[in-house]
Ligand code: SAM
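First, one chain by itself in structure tokens, the form predicted alone.
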């Protein structure tokens, strides 16, 4: 697929070359309050969703995990505590990675995680070098999602697995208006008072609406050359986990 001249940044269309810098700016702004905001926005549900992701992954000591857009370490910590071996965390935001390193040190996990400031669309990893790749709430912020998925396939070993946790399309009839009011009314206000950046959380709410739904994202995984694609809805489709394998 040829890169488009523009990319979605929430509901805006911006020059494709500008999106990465804009996304970096959003997360640099909210890094210190990012985990607190996740708890407040989801009522703590994001913790259960991440636990479900790791349960589905089934970590093993011999497994090397690459976690994309995982700056503050939530997935890597769960992977290691769940019995996983080596973890590498990548993120384009140095501020997010700095938060992750501090949290790892407090958990005495600093020596078990490699931290890389890197773009998920051009990973500085050798071909067929990791056993599993995860990405929680990060791929929707990438400019060329197809390129990111192709690079995920490239770095996976044959037989390796990709698990993606992302906000998705609500599958609870009658709740759409409530969900919309919460997303565009409550979440930006939380961002204003807690993270001191209302616009960052307005963008995050908008980015959920522009991300492909469950079926379309599953199709994109197949188009990237990944196989055995399945997904599971969480909390009525507020979020969804997608699983795919390099075969």
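Residue numbers count along the first chain shown, from 1. Keep in mind that this is a model prediction, so the values were computed, not measured.
Another form exists, predicted in complex with this ligand; not displayed. Remarks below refer to it.
Participant: Sort through 120, 84, 160, 100 and report the residue having a heavy atom within 4.5 Å of this ligand in the predicted bound form.
Facilitator: Among 120, 84, 160, 100, a heavy atom within 4.5 Å of this ligand in the predicted bound form occurs only for 120.
Participant: Can you pick the one in 29, 183, 214, 38 that has a heavy atom within 4.5 Å of this ligand in the predicted bound form?
Facilitator: It is 38 that has a heavy atom within 4.5 Å of the partner.
Participant: Just one stretch in 152-160, 168-176, 134-142, 106-114 has heavy atoms within 4.5 Å of this ligand in the predicted bound form, so which one is it?
Facilitator: It is 134-142 that comes within 4.5 Å of the partner.
Participant: How about residue 226: is it within 4.5 Å of this ligand in the predicted bound form, going by heavy atoms?
Facilitator: Flag for residue 226 set to no.
Participant: Contact between residue 221 and this ligand in the predicted bound form at 4.5 Å, heavy atoms?
Facilitator: No, residue 221 is distant from the partner.
Participant: According to a 4.5 angstroms non-hydrogen atom cut-off, is residue 34 in contact with this ligand in the predicted bound form?
Facilitator: Answer yes; at least one heavy atom of residue 34 falls within 4.5 Å of this ligand in the predicted bound form.
Participant: Hey, in the predicted bound form, is residue 164 touching this ligand, heavy atoms inside 4.5 Å?
Facilitator: No, residue 164 is distant from the partner.
Participant: Relative to this ligand in the predicted bound form, which residues of 57-92 have a heavy atom no more than 4.5 Å away?
Facilitator: Read in sequence order, the residues that approach this ligand (within 4.5 Å, in the predicted bound form) are 69, 70, 71, 74, 91, 92.
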